[in-house]
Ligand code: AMP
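Take a look at this single chain in structure tokens; it is the form predicted alone.
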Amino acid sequence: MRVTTETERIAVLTLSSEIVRAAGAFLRDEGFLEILPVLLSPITDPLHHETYAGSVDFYGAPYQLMKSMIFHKQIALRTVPRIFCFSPNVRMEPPERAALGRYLAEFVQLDLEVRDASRDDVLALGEGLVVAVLKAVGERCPDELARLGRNLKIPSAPFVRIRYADAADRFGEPFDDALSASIDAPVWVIDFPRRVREFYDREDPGRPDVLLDMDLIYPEGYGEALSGGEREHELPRILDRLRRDGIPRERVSAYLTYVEKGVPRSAGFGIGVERLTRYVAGLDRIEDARLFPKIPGDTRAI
């Protein structure tokens, strides 16, 4: 649906607020500590897909607007073993992506990371988080769901897992939309090829070029929900990945300084609050999931 009235808008914002509350409550019950977000840094996620640079002159030094707190999450685990953060991200995607209805140039991501965790650990955590949030929304916001005509289904864990290669064989690449449209409950995609992901995603020691990653795909055509996996944490492996992926060391030199001091083994993920709100509310377009949306290529936003 499209939001056309103030009553509908208030209902969507109420759902979004409950999503944030319920997610934070679930993670605190799981022993997580919330940290404050980073907005500017000399390092941020280089990303494997095209985005425009968000450079800022920070007292004469080149800083960047945060695209993802992935490096900061790893470094934070030197101090705290389980952290989460509601992190504002700025990703200036190509304008043509606006037509897809699921991209914002500015969005909030619930980022979390766990020291000494495996992919299986955070898969189970992601399932628990999604189920807990959907249950909380259903119990606390029935009037808002009814106002939006949304019959929210609570999935059962564990969710189905599909290997990237199998999804690509069935649907071609990219396959998120087709896979999402074919399912009626969330599904994990696992075992991504190195060529489609970032250098910090951990390569399976027993399977070269296969990453211990995962994406959660929403049903009903709503696409990707979250992305994450295990992280590279050993300096020689990270330097080798930078070399193989063609990324200059200088681009992430501040991060490498901390890796040299030692960062722990970890796994984690990020889940977009607006995408989750879109799915929960049954919205056609993601800009209806928040006030003051910034759509790729649209400079009229405030």
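Residue positions are given as counts along the sequence shown, with the first one as 1. Since the model is a prediction, treat every value here as computed from it, not as a measurement.
Unshown form predicted in complex with adenosine monophosphate; subsequent notes refer to it.
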Answer yes if any heavy atom of Leu47 is within 4.5 Å of a heavy atom of adenosine monophosphate in the predicted bound form; otherwise answer no.
yes
Heavy atom to heavy atom, is Gly272 within 4.5 Å of adenosine monophosphate in the predicted bound form?
yes
Against adenosine monophosphate in the predicted bound form, would Gln109 count as a contact residue? Criterion: heavy atoms within 4.5 Å.
yes
Contact flag, Glu93 vs adenosine monophosphate in the predicted bound form, heavy atom cut 4.5 Å
yes
Within 4.5 Å, heavy atoms only, one stretch in 217-225, 129-137, 144-152, 157-165 touches adenosine monophosphate in the predicted bound form. Which?
217-225
Which residue, Val114, Val189, Leu104, Leu211, has a heavy atom that falls within 4.5 Å of adenosine monophosphate in the predicted bound form?
Leu104
